[in-house]
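Quick heads-up: it's one chain on its own, the form predicted alone, in structure tokens.
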Amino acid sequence: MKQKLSTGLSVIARTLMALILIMTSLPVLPASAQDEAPPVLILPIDRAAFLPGAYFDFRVEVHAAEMPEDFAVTINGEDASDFFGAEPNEESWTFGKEETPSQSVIWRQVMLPEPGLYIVEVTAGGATTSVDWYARQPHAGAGAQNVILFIGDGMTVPQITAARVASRGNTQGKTNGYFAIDQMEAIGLIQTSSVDSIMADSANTASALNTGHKSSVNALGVYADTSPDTLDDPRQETLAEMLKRTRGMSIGIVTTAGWTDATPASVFGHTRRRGDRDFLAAAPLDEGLMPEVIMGGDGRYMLPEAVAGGRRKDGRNMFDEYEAAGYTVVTTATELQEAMSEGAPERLLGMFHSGDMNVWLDRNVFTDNLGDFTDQPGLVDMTLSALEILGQNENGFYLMVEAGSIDKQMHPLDQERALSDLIELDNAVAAAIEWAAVNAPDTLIVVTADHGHGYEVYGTVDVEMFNAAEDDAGKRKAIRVYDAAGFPTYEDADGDFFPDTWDVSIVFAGLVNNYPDHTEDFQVSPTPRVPAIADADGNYVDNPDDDPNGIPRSGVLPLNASTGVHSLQDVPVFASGPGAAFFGRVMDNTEVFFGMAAALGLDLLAEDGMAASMGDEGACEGIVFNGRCYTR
């Protein structure tokens, strides 16, 4: 304990010295001179954390018509060009409605050479702006050779609670069974805010999990600058890129959404605009990181516009190009099964839908909603197939698995479709735990969400009474709370952990806390919900065809919002396997990256990519009490 406290005091002393250096380096200027200094943007941002040897781009913007004569950039007092051993590219543009001029210098693909504190100072127009960066000491590792990161997009604790009740049941207040994630070794909470908003989207939050850096809404693997080009923003190297570059590990991406959507694309993508789907679909071939496994939807971005259903504007047929690059290409569950029965291929591309894959409820119950895509695999089958392929690499693997439609069904307030997909995610986690126990016990499994939704269950609804009511007052009498609520009547007779039907006599009174004008009847919809539609003025109003017998709800969002939005809440993280203890706390989402890297013992400067010593990752910058660190 004395050693930990001593280490913590040492860290505090170094931090105070850094603050003193910053304060003494700032010029003393009259207020008028400070007002005349142009605004400066430094990327990476203040308090950015790195692994030594991780690649990143370093941009400095000065928002002025021309670069000031006194412009200078130093890192720990050394000229930045000398520090990096390279000269920057110089660029200029205008941005914003006011067409504000911006002068920029950028150093591409640089790195920090050793652990420690780095003070970045930019002088422009007589004023100095500074940020602190910190490169962390690599860990020797916890014995993990592989990492599986499960992301329940938009998943929250209230959703997990409701899905568990529907799946396992509850008798006299005690659960009749637990989820796989409930029983993992470590449980913590993740903060999800982005550089530019307390409420974030999947792009920047999933990027934080994969890079250890913050980003901005809609941005993937970059710090958002002010340039008009969405592909030139300062890049952040992803964990997958690091592992492929230094350790020769295999990479896998599995999703029930489209594979170029924000969360799966965070494994490899670098763009200011998550909608750059043509770019993202080609990026693995064009930019060097070729995952051994890619499975999900988004076939439309693989085909040129000249082909029916194609969206690509560059005329490329990506199916042909991926096949030429050595990928086994499959488009149905049957083809996937056949490919795997012949022995796991070295690389596999599975495109099972033109857009997002259909949700579990439609694939298994309301199959009329499938359209042309009647043979889609489930998340369990995709996960196990990916593990068989990735497990062939003796160097290990990193697999990201996303249940994408928890989020995509919470947006339109469709609780049954969202909760079904959450149950499917837990089944996939259980399958991965079982696979790892037999085939690769040195696997760290992490389960978390990128952001939350404001969903909660506050009672139950007597469906027969609700539907028989002739007015809103009668419908509201069918909503029961506290002891009148009792228990919902979902049942799982066949033991697959899904309710036999969501159309039961007593259902959840479950609602999202933000929404447009709509009506709500709390009952499963035979078709995916569309709660609101645009009127002639572009304002979203109640859709009369969605829940026509429901209770009217007056919207609480801007009139141009068609569905619910993300919420601020911390999201859960669960972990099991080597290094799992790291995740049993409240932390920023960027820490997930460092936890996975620590479990693997990733050292990007070592010849074999393996860290040799534990480092000071556990150093406390506050008070150590009973073996835990407390800071304020």
Partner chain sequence: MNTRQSFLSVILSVILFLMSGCGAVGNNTISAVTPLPTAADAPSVPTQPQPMPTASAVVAEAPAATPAPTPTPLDLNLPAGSALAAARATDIAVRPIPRNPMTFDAFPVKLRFDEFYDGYNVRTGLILSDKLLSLDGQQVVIEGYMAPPLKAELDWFVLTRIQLAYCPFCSTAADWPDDIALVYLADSTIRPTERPMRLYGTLEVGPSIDPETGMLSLVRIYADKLELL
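Fair warning: this is a prediction, and the values are worked out from it, not measured in the lab. Residue numbers count along the first chain shown, from 1.
If you look for the form predicted together with its partner chain, you will not find it shown, but the lines that follow are about it.
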In the predicted bound form, does each of 274, 329 and 351 have a heavy atom within 4.5 Å of its partner chain?
yes
Given that its partner chain is left out here, which of 78, 99, 372, 346 has a heavy atom within 4.5 Å of it in the predicted bound form?
372
Which one of 342, 394, 90, 537 is close to its partner chain in the predicted bound form, taking close to mean a heavy atom within 4.5 Å?
537
Would residue 301 count as a contact of its partner chain in the predicted bound form, using a 4.5 angstroms cut-off between non-hydrogen atoms?
yes
Would you classify residue 319 as touching its partner chain in the predicted bound form, given a 4.5 Å non-hydrogen atom cut-off?
yes
Its partner chain contact in the predicted bound form: residue 287, any heavy atom under 4.5 Å:
no
4.5 Å heavy atom contact, residue 308 and its partner chain in the predicted bound form:
yes
What stretch, of 489 to 497, 384 to 392, 308 to 316, 206 to 214, brings heavy atoms to within 4.5 Å of its partner chain in the predicted bound form?
308 to 316
